[in-house]
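Read the single chain below, which is given as structure tokens and is the form predicted on its own.
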């Protein structure tokens, strides 16, 4: 097997003789020359990604005021930063939202404003000490006023991501964007075959200490990212905010969900041997993921179908025999711009490669949160007393009295939910004296829950719709039970 070292590649970069290609170009080269010849011909493959990376933020040092202050709480343009570090250090996360503007403005906007050269308002409070007597301060700061502004992102550059859709009958606002009802669309994240980790799936050359392109600055990989779970690998990265370019970062708001930041990352992959040539020849059709149904509000959402990035990038996929529109959440064009820019810097001898001092794990288990108990609807629901649509008002009133219930789901002959009547509906019908059947008074647009829905979701539906019971149904609308506010009260008493 052909082999070369990173030192050898760096020597070629310094001599101006290194062969550098983008991830797009490498696919064609390997296809034409084969892995062995491509490994001999090419020294570096540049990769890129540009997408919403919520797990990002910056450490800031403001210097000492006069008299000095030990900041207990701090706000930048009314966005609170974390201060449990030292007197005048803080960490501002991109997803933190403004106290005054809510989701319209957040930590990502503050960071982008600083990089764009704008001043931001710093407001801080303290309890005061002998060495830090000041108790409050309000001032204006710019990026140049800070001693350090270090972007440290716990989880970036997802190798691949699960796509999203929505089987429910309402619009969902999520971190995967707006999902239309009844499988109305699919969204996906990541840039597929040009994304860094997809071009080094064994993490042979990307690890602790790898030099990277981070929002236009020279950054570094500082370890595996949080929730790293190959082949859904992630990276923890850092870089100097003062050296970053506004072209490669962008604050964004996902309606109904919150603030995030688009981060641009490029990583050079050294082609050390034939195996790395094969890795960097990966195609979108080889990168699989799953489309997940976000209508199910659980940690483990059902898989609608498996899919590859070639299908996702085609703009449409098939779900249940229907063609569904697909849209990306990442920008392929800016990711492409990043890998081309990185290629230029390497060719000019402005960017050298580093060997990782420690590899990131190729195997990892992503554990769920440990909880005392998980209560779902099926744990609390009661047996439903259902009636057919042709039940008379008199018969219904007798059932309500005899069974001691207030809600009667109305079903057809196959137990499929058609409506619901309450004791109040029946009382009104009796008072009017002109109504004969429950079909004339029942509510047809019924708010329901599934047996495995979290109890918190059911409680929220009762409150939001100002109702006192929810029929529990399965996927075919068969009635399985009833969850009432009394059932929830029993849970509260038990706790």
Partner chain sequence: MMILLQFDSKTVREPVISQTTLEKKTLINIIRASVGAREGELIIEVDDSRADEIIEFIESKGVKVTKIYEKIIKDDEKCVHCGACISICPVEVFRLEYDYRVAADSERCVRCGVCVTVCPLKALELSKI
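Everything numeric in this text was worked out from a predicted model, so none of it was measured. Positions refer to the first chain, counted from 1.
Omitted from view is the form predicted in complex with the partner chain, to which the following refers.
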Check: Here the chain is shown alone; which of 186, 235, 276, 408 has a heavy atom within 4.5 Å of the partner chain in the model of the complex?
Finding: 186
Notebook entry, point to check: Out of 241, 292, 88, 251, which one falls within 4.5 Å of the partner chain in the model of the complex, going by heavy atoms?
Noted result: 251
Notebook entry, point to check: Going by heavy atoms within 4.5 Å, which of 329-337, 218-226, 148-156, 265-273 lines up against the partner chain in the model of the complex?
Noted result: 329-337
Next item on the list: Find out whether any non-hydrogen atom of residue 84 is located within 4.5 angstroms of the partner chain in the model of the complex, and reply yes or no.
Entry: no
Check: Is residue 322 close enough to the partner chain in the model of the complex to count, meaning some heavy atom within 4.5 Å?
Finding: no
Notebook entry, point to check: Hey, in the model of the complex, does residue 25 get a heavy atom within 4.5 angstroms of the partner chain?
Noted result: no
Checklist line | Distance check, residue 397 to the partner chain in the model of the complex, heavy atom within 4.5 Å | finding: no
Notebook entry, point to check: Going through 28-65 from first to last, which residues have a non-hydrogen atom within 4.5 Å of the partner chain in the model of the complex?
Noted result: 50
